[in-house]
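The chain that follows stands alone, in the form predicted on its own, written as structure tokens.
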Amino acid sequence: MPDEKLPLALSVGDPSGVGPEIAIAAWQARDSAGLPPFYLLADPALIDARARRLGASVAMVETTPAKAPEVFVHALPIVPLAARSIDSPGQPDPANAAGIIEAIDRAVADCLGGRAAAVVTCPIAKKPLYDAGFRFPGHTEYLAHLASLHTGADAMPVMLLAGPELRTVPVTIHIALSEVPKALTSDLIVATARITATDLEHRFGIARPRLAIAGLNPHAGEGGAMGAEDEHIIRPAIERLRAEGIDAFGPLPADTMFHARARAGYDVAICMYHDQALIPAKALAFDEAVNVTLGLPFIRTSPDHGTAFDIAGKGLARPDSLIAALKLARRLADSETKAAAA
């Protein structure tokens, strides 16, 4: 159970991306943004080099998770990694893979070990990790693997994009659009929606979440005239969810479910594929949206953007989404603590 006095664990992400600089910028904005205490898992030499490259005046202190909250007031708390990192903005290097993975490993271990309230992750890129032998499809799958290692129980991670005006969940994620109809099943929709409803209740504090289920095809299939998936896969899933007492409804035409009046009628949109969920979420709140991983035994949030290698080291990266991720992580941790105590 998270403790309101515990800091957040922030992993540095890919050192060649914008992770180091948005972490620095977030700490610099700690007072104006009302940020909760966090510590950065990183190579201190990397953070110092990036700060000097950007001309950022920032005090840094190597510390432990336990001492991070008191350090946070006057300096950026850095919990040092064993692995060293190469400071090469915009030029991803497989040599940095060890540090990227170590930061994630230790953030999760700290959270599950009662040293951190939640895990917040700066962005990583897959190719440098693959080139170094990383065998997981991505960040989220690796977090689920770590959860299973620590707890002995399998975890099904669910991606939630959370913004001020909209929450969306993609049922299928990083697969080609042509593969979506083959991957989509009633069981997958039901499992995704169950996890979403549970976490919205226990972590977001929504007593009975309303789940709007998007159709796959235009006009939600027009009764089967534009594809059979909406009637044969999605609708049966909704019926099963409603039989379980989950307030799910649809399938809804995706082209009419994201305007303001429609959004007022639900707490989350369950979408059938990646872009159906992420386009409206990012269009409405590109700088404020947060990537939240549901279904894990710990809280994990992340900025909704990637490594942005093209602007890394140039002082152009904005910390808004990371700031939102840190604040949401704290709110979810506090909500979970209150729910557990009730």
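Each residue number is its position in the shown sequence, starting from 1. The structure presented is a predicted model; accordingly, all values stated were derived computationally and were not measured.
Only in words, not in the display: the form predicted together with a small molecule, which the text now covers.
Between the small molecule and the residues 141, 105, 93, 239, the one pair within 4.5 Å by heavy atoms in the predicted bound form involves 141. Of the listed positions (314, 30, 67, 274), a single one reaches within 4.5 angstroms of the small molecule by any non-hydrogen atom in the predicted bound form, namely 274. Contact with the small molecule in the predicted bound form, defined as any heavy atom within 4.5 Å, is confined among 123-131, 187-195, 105-113, 254-262 to 123-131. Taking the partner from the other structure, the small molecule in the predicted bound form has no heavy atom within 4.5 Å of any heavy atom of residue 50.
When the small molecule is considered in the predicted bound form, residue 174 lines it closely, a heavy atom lying within 4.5 Å.
The small molecule is not drawn, but in the predicted bound form it has no heavy atom within 4.5 Å of residue 285.
Residue contact with the small molecule in the predicted bound form: residue 63 places no heavy atom within 4.5 Å of it.
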